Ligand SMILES: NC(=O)c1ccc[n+]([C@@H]2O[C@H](COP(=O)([O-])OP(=O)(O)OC[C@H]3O[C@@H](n4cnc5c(N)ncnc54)[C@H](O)[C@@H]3O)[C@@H](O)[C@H]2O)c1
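This document opens with one chain alone, in structure tokens, the form predicted alone.
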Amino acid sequence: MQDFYKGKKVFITGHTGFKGAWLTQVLLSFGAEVKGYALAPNTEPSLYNLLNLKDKMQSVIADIRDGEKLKAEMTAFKPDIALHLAAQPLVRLSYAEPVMTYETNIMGLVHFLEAVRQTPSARSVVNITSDKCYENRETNTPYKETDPMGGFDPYSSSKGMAELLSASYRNSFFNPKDYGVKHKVALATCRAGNVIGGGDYALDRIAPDCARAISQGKEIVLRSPNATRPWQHVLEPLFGYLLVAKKLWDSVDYAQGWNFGPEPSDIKTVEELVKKFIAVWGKGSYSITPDTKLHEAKLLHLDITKAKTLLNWRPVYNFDKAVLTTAEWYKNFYEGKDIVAYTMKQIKDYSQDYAKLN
């Protein structure tokens, strides 16, 4: 993949966010030319600022809801590949700000796809949604890419809508049957499980909550200790997204939806994650304070058979390694270590393990 991305022009929305910053750094390490479009980071600290990404790329600080601005920036850059990560990504915040959530996650995607339509150079396009896009019945049956979209809360439903919207644009404007004749865009969507990794400072996410509490000598407070999630290190789905984009470059057959998550044996509870995080750090404690005011899914699994079979992709890290890598990143940060060098080391280590496995 490094050979493929070297010299490629990649346009990323949401580059100032947690996943976006990791993805940008990976692409830069591969030798890609990157332009990002996003709001300024909404946390302090932020991985985007810690990695000094604004000095390494073209960075446009603007709102995804400004369609004309987005179109102008994308068409001027003339990207080969466009990756859409910009979103309001928090379930609990979506209850407090549903209008902003839908404006960002639905109309933001419309503006992105419209910009792609006006950018003749864009050939490989990936929209990142979420595992929460599925109609979650909270059973032990993992969701396949063919299962119906849905969503209980505003965030989850917005991601289900984003999948339907992407499918509509694929059928209407980027139809694979017309590829190479009426257009040259291959559009895919990617759905990832619950991502953990260093550099996430959002509220109401378990890994940053653990790191903040331990570093401040406070208890970690758990709302739903028995909720299970498909935990995975952030680099797992990012390499999946990049693999899909590479495959789209070669064939429109990959213009579909794709799940990226851990092996079934690595789907664990919130409490198991917290215990492992504390063990890696070497200190910390937690308490349980149930919160029943807002609905949050208790059970959510993804079926990754399709990605393993058709993409030859598979998870590199198991649950223990994912938590270990995450906790060590935060511990290094709070101990004042060189976090840029440490982030690059984690990317290099993962890349080498990925190459061996995949």
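Throughout, we count residues from 1 along the sequence that is shown. These numbers were taken from a predicted model, which means no experiment stands behind them.
Below, we refer to the form predicted together with the named molecule, which is not included among the displayed structures.
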| item | value |
| --- | --- |
| Contact flag, residue 87 vs the named molecule in the predicted complex, heavy atom cut 4.5 Å | yes |
| 4.5 angstroms heavy atom contact with the named molecule in the predicted complex for residue 63 | yes |
| Contact of residue 205 with the named molecule in the predicted complex (heavy atom, 4.5 Å) | yes |
| 4.5 Å heavy atom contact, residue 192 to the named molecule in the predicted complex | yes |
| Triple contact flag 18, 38 and 104 to the named molecule in the predicted complex, non-hydrogen atom at 4.5 angstroms | yes |
| Contacting member of 82, 128, 185, 109, with respect to the named molecule in the predicted complex [4.5 Å, heavy atom] | 128 |
| Listed residue that, although the named molecule is not shown, lies within 4.5 Å of it in the predicted complex (heavy atoms), from 155, 174, 77, 254 | 155 |
| Contact stretch among 113 to 121, 274 to 282, 221 to 229, 87 to 95 - heavy atom within 4.5 Å of the named molecule in the predicted complex | 87 to 95 |
